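Only one chain is shown below, in structure tokens, and it's the form predicted alone.
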Amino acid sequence: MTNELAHPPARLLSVGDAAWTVEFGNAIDPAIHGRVLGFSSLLDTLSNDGRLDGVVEWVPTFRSVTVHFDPLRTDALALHDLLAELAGKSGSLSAAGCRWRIPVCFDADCAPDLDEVAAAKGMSREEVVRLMTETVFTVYMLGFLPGFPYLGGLPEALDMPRLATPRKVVPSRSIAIAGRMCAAYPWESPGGWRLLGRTPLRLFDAANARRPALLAPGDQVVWQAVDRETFDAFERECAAGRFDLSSLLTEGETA
């Protein structure tokens, strides 16, 4: 973590009578997100030390952290002052989580928009896959659906608008892009992002009380291309609960 005095002060916004939003900027930017991670890390430390009495939880986003509290246990104005102080000295983190190498099948039935994206960008399918698999993505936040990660770092060469008409059904575990963002759908749902692949991994497991969502803000992700045979084998292992997720972590990491 680094402290940078040049950071502009955070802005605190009241969210009803039981939450404060601590806003570090107004753009999707790695430096702003670094402050979000640094602030969240400091809250983790203080909470583990029992120094955030009455704070229920906090929710990081691209550019802010919303801190929920019990107004019967915590004075809102005193918490405001504490959060403002912490935001001023929390510093920044470039990455706070795990680094994953996640298998993805880019075959046509798993990637219905890949050909269209390639054509729009004057590339071959192979060039699009190369850009996707050579990029180190960063998880900025979870939202939309339980375990749905918004990942930054998509190369500018793959910048594409959302579909003009969203799909009524996006298959679960689809890897998708929109604008300069990448995402992965944990569940089958409607969606307007462009689908470039599919992972065999379960992205959200409610039975895993310690870490139900596979990915967390601050994690880094590298997509690893696999053929259909490998995809099917991994999918069967995951369905049976036998797949070792730790095998996807960079050496020395723990989830």
Partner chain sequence: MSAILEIIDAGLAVSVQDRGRAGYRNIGVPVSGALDPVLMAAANELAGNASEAAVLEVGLSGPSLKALSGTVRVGLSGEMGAQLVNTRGQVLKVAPWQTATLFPGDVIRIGGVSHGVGYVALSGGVQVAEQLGSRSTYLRAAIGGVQGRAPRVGDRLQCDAVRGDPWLEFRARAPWHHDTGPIRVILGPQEDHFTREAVENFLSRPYAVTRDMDRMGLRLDGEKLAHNEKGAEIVSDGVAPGTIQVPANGQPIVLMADCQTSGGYPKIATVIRADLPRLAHVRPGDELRFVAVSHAEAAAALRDQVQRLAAWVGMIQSFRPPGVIDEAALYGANLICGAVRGDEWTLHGVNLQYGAHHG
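This structure is a prediction, so every number in the text was calculated from the model and none was measured. Residue numbers count along the first chain shown, from 1.
Separately, the form predicted in complex with the partner chain exists; it is not shown, and the next lines address it.
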The one residue among 123, 86, 178, 145 placing a heavy atom within 4.5 Å of the partner chain in the predicted complex is 145
Within 4.5 Å of the partner chain in the predicted complex, heavy atoms considered, which of 82, 76, 131, 160?
76
Given the partner chain in the predicted complex, answer whether the residues 26, 64 and 207 all have a heavy atom inside 4.5 Å of it.
yes
How about residue 213 - does it come within 4.5 Å of the partner chain in the predicted complex, if we only consider non-hydrogen atoms?
yes
How about residue 218: is it within 4.5 Å of the partner chain in the predicted complex, going by heavy atoms?
no
Indicate whether residue 17 is a 4.5 Å heavy atom neighbour of the partner chain in the predicted complex.
yes
Indicate whether the partner chain has at least one heavy atom within 4.5 Å of a heavy atom of residue 240 in the predicted complex.
no
Scan 160-197 and note down the residues that get a heavy atom within 4.5 Å of the partner chain in the predicted complex; none is a fine answer too.
187, 188, 189, 190
